[in-house]
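Below you'll find only one chain, the form predicted alone, shown as structure tokens.
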């Protein structure tokens, strides 16, 4: 069943969403601008019970179909390849930023990452120009990823393999060195967080995932991460290179995070897809709170962990996206 819920429109003029790419977006600048405005206010929630077998194990092909359906609905195109070609050119080096901190059970699933790799390749990007990465090799290994550094193949490694930038990036209250994978090696990023509760900042999703790209995330968890998470996302390399976010909500967690706590995990069997990281986080917050309520838990605000950094990311000083869900076009498939 497909349900399209369109409430209001809002154009994030001057927002942190970077639209200098979209090589496959045909037409003149006016047409391109109109297309970009449409995408800036759109969010897709795609779910399917078919992604698991009878034992609850993920089926890679079905996860790939789910991702393709989400892409087609997001771009309004028939055929996922056309969508991926709107994001990347064969000259790009694409980094897929995943989240492996919690190890097996609550890290970005390989089935989804493999589907993204195939999508990026369908845009003409050579496999050797794709890097699956996170903060450290040990985290990737803990989550079941095998480190690969061969220059002629798909690469998988952590920032500890290549180090951090010499330049200190600063905005507001944040100052950090950034991963050289992000700064020096990649021309484009697909952000692939996992949807879960966070015991300090409320929740971790699209914005918080870039704490895995800085050298000092331990400094920025006070005050529920506000304004630090928003400030880090203002760093130019993150704003300008992040072209898409695909939230892994195949298995999500509504309490006890960031470590994996199976008693509070649930098979959401879905992904969230969009370009507006603020809107994705605002919607993720709604999902987490709904699940907490049905499980007899207080909301994040009632628990003293309101993720106010999402609101800050949308304010006049940041303008990274839209936190008012009434102004977002939500497509549920």
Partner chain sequence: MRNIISRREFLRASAGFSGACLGSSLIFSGELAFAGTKKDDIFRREARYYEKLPNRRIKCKLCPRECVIDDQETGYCGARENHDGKYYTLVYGRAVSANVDPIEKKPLFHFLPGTTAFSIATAGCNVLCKFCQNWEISQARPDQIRSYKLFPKDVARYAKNAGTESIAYTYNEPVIFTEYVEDCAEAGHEQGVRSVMITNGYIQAEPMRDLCRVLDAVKIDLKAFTEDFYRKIVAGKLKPVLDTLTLLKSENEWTEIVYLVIPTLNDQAADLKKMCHWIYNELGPDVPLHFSRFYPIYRLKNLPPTPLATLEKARNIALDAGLHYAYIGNVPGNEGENTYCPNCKKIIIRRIGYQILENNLDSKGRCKFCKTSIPGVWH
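Numbering follows the first chain given and starts at 1. In this text the structure is predicted, and so the values were computed from the model without any measurement.
We do not show the form predicted together with the partner chain, though everything after this point is about it.
Residue 198 is the only one of 85, 198, 110, 243 with a heavy atom lying within 4.5 Å of the partner chain in the predicted complex. Between the options 259, 105, 144, 124, the residue in contact with the partner chain in the predicted complex by a heavy atom within 4.5 angstroms is 259. Proximity to the partner chain in the predicted complex, taken as heavy atoms within 4.5 Å, picks out 260-268 from the listed stretches 260-268, 64-72, 285-293, 43-51. The three marked residues, 89, 120 and 153, fail to reach the partner chain in the predicted complex, with no heavy atom of any inside 4.5 Å.
Although the partner is absent here, residue 149 sits far enough away that none of its heavy atoms falls within 4.5 Å of the partner chain in the predicted complex. In the predicted complex, the partner chain lies farther than 4.5 Å from every heavy atom of residue 184.
The shortest heavy atom separation between residue 78 and the partner chain in the predicted complex exceeds 4.5 Å.
Put simply, residue 114 is far from the partner chain in the predicted complex: not one heavy atom of it is within 4.5 Å. Looking at 130-145, the residues that come within 4.5 Å of the partner chain in the predicted complex, counting any heavy atom, are 135, 138, 142.
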